[in-house]
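The chain below stands alone and is given in structure tokens; this is the form predicted alone.
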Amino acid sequence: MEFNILTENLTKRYSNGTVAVKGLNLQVCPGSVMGLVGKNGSGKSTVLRLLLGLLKPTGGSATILGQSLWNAKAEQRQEVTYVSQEAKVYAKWSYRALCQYCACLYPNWDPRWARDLISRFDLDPDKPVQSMSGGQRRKVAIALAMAPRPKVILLDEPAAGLDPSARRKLIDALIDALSDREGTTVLFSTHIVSDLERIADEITLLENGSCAFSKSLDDLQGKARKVQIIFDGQDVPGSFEIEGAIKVEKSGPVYSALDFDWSEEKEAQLKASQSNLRIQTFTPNLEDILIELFDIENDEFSSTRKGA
């Protein structure tokens, strides 16, 4: 199978002994959109920089379009664009001047798309970037990353600093870009759950630099269940378990767990094997799943219910 983004046993260890990325295996197919999430310090930004060739791996490999960008040629780098958390651009220039400059660097630069993007973001193309707000500068950086019509786009917290309306326009522009050019691949890190739900095909969660969990959004939203089983006796039988369940808690007669492969058949089998129990299931939203998996505090993710 072909992958536009691929890491194999990717590891990054710094000279002070800190291991930022550890044995990471990541696979993103052409045309897919993967959301990279995890606690602050989990390695998300480091993974993006390793893929871009801005950092050299200590072990393993990181490739985009089959090539390590650490020593890639210019024509290979031209197929990839990136927006960092800081969204840095040459601030003394206007967006129009930056477009004229970037058009010389990218053979697939689309001037019409560049104009449309800045119009979508409600920005003055002749205003110097240095006189713009932080959120406006981020919009400029994102527009400049999308206008070359790259095959791969890497975004590090793309919606940071944007209000809900501007964030929605950004996601709409990304969706348009993907539908307009078949095969464009996006990898983005974010703390905004509503963005994941709108655009991501797959979600990978990092913990201490390793892949703790990776599933398609359809699987997460379609099969995930919070299961609560109540036994008639005083305590949960010591040998009782649900195959494949995680985040298991036992408290007196109550057994609680998170199951990503719940089905009516599994429920029927449990009832047939135990006559003294009652089963309740709840469908968690994506935010609930992320918090449940990693004990992430609510303020580390922007809720789908907070103006998204």
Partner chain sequence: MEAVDRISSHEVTTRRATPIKVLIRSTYLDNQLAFSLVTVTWVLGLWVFQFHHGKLDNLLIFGCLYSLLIAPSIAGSHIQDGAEEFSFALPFSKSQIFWTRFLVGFLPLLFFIGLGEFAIKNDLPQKLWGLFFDAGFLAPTYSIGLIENHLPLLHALPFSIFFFSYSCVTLTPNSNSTLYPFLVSLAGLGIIFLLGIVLPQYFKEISERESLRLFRVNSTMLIITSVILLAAASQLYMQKQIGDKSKLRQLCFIYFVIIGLYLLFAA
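Computed from a predicted model, the values in this text were never measured in an experiment. Residue numbers count along the first chain shown, from 1.
The form predicted in complex with the partner chain is left out here; the points below concern that form.
Is there a heavy atom of Ile242 no more than 4.5 Å from a heavy atom of the partner chain in the predicted complex? Contact with the partner chain, no.
Just checking whether Gly134 would be counted as a contact of the partner chain in the predicted complex - the rule being heavy atoms within 4.5 angstroms. No, Gly134 is distant from the partner.
Would Phe188 show up as a contact with the partner chain in the predicted complex if we use heavy atoms at 4.5 Å? Contact with the partner chain, no.
Contact label in the predicted complex: Ser179 to the partner chain, heavy atom within 4.5 Å: Ser179: no, not in contact with the partner chain in the predicted complex.
Heavy atoms, 4.5 Å, the partner chain in the predicted complex: which of 199-207, 216-224, 106-114, 163-171 makes the cut? Say which one. Only one stretch passes the 4.5 Å heavy-atom test: 106-114.
Contact check in the predicted complex: Phe260, Arg278 and Ile291 versus the partner chain, with a cutoff of 4.5 Å between any heavy atoms. Do all three pass? No: none of Phe260, Arg278 and Ile291 comes within 4.5 Å of the partner chain in the predicted complex.
Select from 86-100 the residues with a non-hydrogen atom within 4.5 Å of the partner chain in the predicted complex and write them out in sequence order. The stretch touches the partner through Glu86, Lys88, Val89, Tyr90, Ala91, Lys92, Trp93, Tyr95, Arg96, Leu98, Cys99, Gln100.
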